[in-house]
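Only one chain is included here, represented as structure tokens and corresponding to the form predicted alone.
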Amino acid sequence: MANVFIVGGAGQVGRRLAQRLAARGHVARALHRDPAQTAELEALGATPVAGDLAALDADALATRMAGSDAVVFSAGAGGKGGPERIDAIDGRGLELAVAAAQRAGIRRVLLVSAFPEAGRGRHVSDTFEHYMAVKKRADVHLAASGLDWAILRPGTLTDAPGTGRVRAGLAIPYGEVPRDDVAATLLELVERPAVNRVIIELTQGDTPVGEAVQALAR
């Protein structure tokens, strides 16, 4: 059984992950900033942890993380809210989570990032371009941290029901992937620490999630 701290625990991927962790017998602690989200998180089987990522410092976040076996960072502005919000959540938020994990003695950090080809071939806003640049800097920061990490770069996220089958690899063609299957992949990464210090691109596919993740173990 793993004790997993989810930064962005009330987000669309975070909620799905918390539910899957709890169903598999793990402890899912979900960081959230809106008290109204507490009951929903509890109903999913998660332990709600109150805190605003944009307002916490590293010590305060480390205190909340203490005792965890792994941290999953799935928080994100989603390319919305302007550059300041993106910097605060996707940029400084990830740096804060890394610092907090180090202070709390937590070695494993999993990051939900962005597929490099997102937006290619279509007009995108300056805000989206900024979002992608910040996500890349966050990847670089985590990879240089010395922690045991894995970075997951899903394709375009959809709310279609998950199929439990994906395509995962170091470099794969761009495509869509249900949020359900992103959460299922994160669960497998929690349970398979041998998949370590690797950047994984993810889309819908034909391989069962567990097999797809295990194939990336070193």
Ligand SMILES: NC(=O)c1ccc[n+]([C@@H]2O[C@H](COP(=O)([O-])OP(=O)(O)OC[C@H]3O[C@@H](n4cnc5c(N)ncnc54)[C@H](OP(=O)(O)O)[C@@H]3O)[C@@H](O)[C@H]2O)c1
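For every residue, the number given is its place in the sequence shown, counted from 1. None of the values given here were measured: they were computed from a predicted structure.
A second form of this protein, the form predicted together with the named molecule, is not displayed here; the remarks below concern that form.
**Message:** Whether T207 contacts the named molecule in the predicted bound form should be assessed with a 4.5 Å heavy atom distance threshold; does it?
**Reply:** Answer no; every heavy atom of T207 is more than 4.5 Å from the named molecule in the predicted bound form.
**Message:** Can you tell me whether T63 touches the named molecule? I mean in the predicted bound form, with a 4.5 angstroms heavy atom cut-off.
**Reply:** Although the named molecule is absent here, T63 would stay clear of it in the predicted bound form, with no heavy atoms inside 4.5 Å.
**Message:** So, E42 and the named molecule: in the predicted bound form, are they within 4.5 Å at any heavy atom pair?
**Reply:** No, E42 is distant from the partner.
**Touches the named molecule in the predicted bound form: H141 (any heavy atom, 4.5 Å)** = Judged by the heavy-atom cut-off of 4.5 Å, H141 is well away from the named molecule in the predicted bound form.
**Prompt:** Only one of L189, A70, L53, I151 has a non-hydrogen atom within 4.5 angstroms of the named molecule in the predicted bound form; which is it?
**Reply:** None of the others qualify; the residue that does is L53.
**Request:** Sort through 152-160, 189-197, 165-173, 22-30 and report the only stretch with a non-hydrogen atom within 4.5 Å of the named molecule in the predicted bound form.
**Result:** In short, 152-160.
**Message:** Please determine whether each residue of A75, R85 and I89 possesses a non-hydrogen atom within 4.5 angstroms of the named molecule in the predicted bound form.
**Reply:** Every residue of the spot touches the named molecule in the predicted bound form.
**Item:** Any residue of 166-198 that, in the predicted bound form, places a heavy atom within 4.5 Å of the named molecule
**Value:** Only a single residue, R179, comes within 4.5 Å of the partner.
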